[in-house]
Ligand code: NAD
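One chain comes next, on its own, written as structure tokens: the form predicted alone.
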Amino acid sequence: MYGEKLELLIDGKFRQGSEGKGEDLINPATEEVLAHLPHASTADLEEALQASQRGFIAWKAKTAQERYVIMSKAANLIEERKEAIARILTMENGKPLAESIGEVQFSADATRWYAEEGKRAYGRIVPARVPGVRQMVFKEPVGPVVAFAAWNFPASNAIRKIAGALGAGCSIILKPAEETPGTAIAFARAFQEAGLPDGVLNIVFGNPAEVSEYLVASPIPKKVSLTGSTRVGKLLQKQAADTLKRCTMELGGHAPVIVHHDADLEKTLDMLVAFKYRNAGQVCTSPTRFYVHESLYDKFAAGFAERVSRLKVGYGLDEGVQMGPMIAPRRLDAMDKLIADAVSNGAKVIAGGERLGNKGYFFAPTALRDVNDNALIMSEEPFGPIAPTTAFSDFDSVIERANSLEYGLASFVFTKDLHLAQKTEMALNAGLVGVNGMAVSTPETPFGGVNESGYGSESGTEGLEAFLRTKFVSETGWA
């Protein structure tokens, strides 16, 4: 049983859309209909906008400590319900239950962190040039926020926006992905039960283009936050320009992995295979271009393929499953296209390479070797369970290849040499770099890319700063 009633949240009330429109929610592992998702009408969206304006006034007026108490209660509720919420997440997204539980726990942790950090939105006193003047710098919430979250991480994508906005004192209208709505709704119930004032958090669904166009065009929101594709990010940024809304854009990636000659091969392989195929490779920071030093290349390819062949693929709620389905049939077609193109350019399939079963959107975890740089998969983000590998011989050439794309989200480096690690990490054009590890996302550290992977950060103090604006007050005393 799915376990979540799909509703809109507008002005503190959970309800259906006013025009009765909606769509079915499909389980990507079984292709069964889980529930019916309501869509917000234009009138509903306008009501959410007006509610967010009233909610902002009420929420901004609360002290940081008062906001902390409510957010902490919500975090506790999310943690208490994490297994139930994780089951919802797995049924709508497909990832293994263990991954979902970890993601929901991250969401509780991030909510607590932002609740605390909201008490540290410090200003400063600037010494004046003349007597009798006080110069004060204040940090205040930017205003109502509109946010759009992608389907690949239904919990963490949503909570970074919700908790960041609330921690800063902003209200927020969130449109989660229609493919994965239940997780955000479950979070919203926790916040409402924790005592969040009406209108501070609103949840809406609908045709993505129509919803975003209406919300972003309104003068009420003062900030746009998106986790999505580069194409959508460019579109929303153009729309936001008409009202000069500030933006945070967490967009696509195509993360290079550089395995230097002295890397610990076995540990590197274990780590890369585990992280490459989590969420079926549908991760913006997923390792997606594997550059391996020629001295290790054959052993790396063989070891990688052997590990990939052992992965257990299936329904994320089943015991022992390590990789679930893709989100939709369109992603299966994309995998077929990328593999066929790579093979036509000389690559060899050394593991997987085909669809699995006749029910659900399953694709075998796949590894390719000898992939030409001209292959589409080396320039188009695969966002799926395909690992293309190729060899390199010298430092300068591999850095040039790693930096050859417009993306700049995550990069990964493996070496035992600290000097070589530092030289590599400083040469890479990326917002996130992992050295001998893949953990580049925690509640307390900034998460974001450069170039066409977007700009701005979520999480960390930078994530709170994104929802704040600066006010300077010069106060002159009169006798």
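Position 1 is the first residue in the sequence shown; the rest follow in order. Source: prediction; values computed, not measured.
There is also a form predicted in complex with this ligand; it is not shown, and the following applies to it.
Stretch 202-210 is the answer when you ask which of 202-210, 297-305, 357-365, 187-195 has residues with heavy atoms within 4.5 Å of this ligand in the predicted complex.
For residue 276, no non-hydrogen atom is located within 4.5 Å of this ligand in the predicted complex, even though that partner is not displayed. Contact check for residue 447: a non-hydrogen atom falls within 4.5 Å of this ligand in the predicted complex.
Contact between residue 231 and this ligand in the predicted complex is found at the 4.5 Å heavy atom cutoff. The closest non-hydrogen atom of residue 287 lies beyond 4.5 Å of this ligand in the predicted complex.
Between this ligand and the residues 90, 157, 171, 248, the one pair within 4.5 Å by heavy atoms in the predicted complex involves 157. With the partner omitted from this view, the residue of 398, 351, 236, 97 that lies near this ligand in the predicted complex is 236 [heavy atom within 4.5 Å].
Residues 148, 149, 150 of 111-150 are found to place at least one heavy atom within 4.5 Å of this ligand in the predicted complex.
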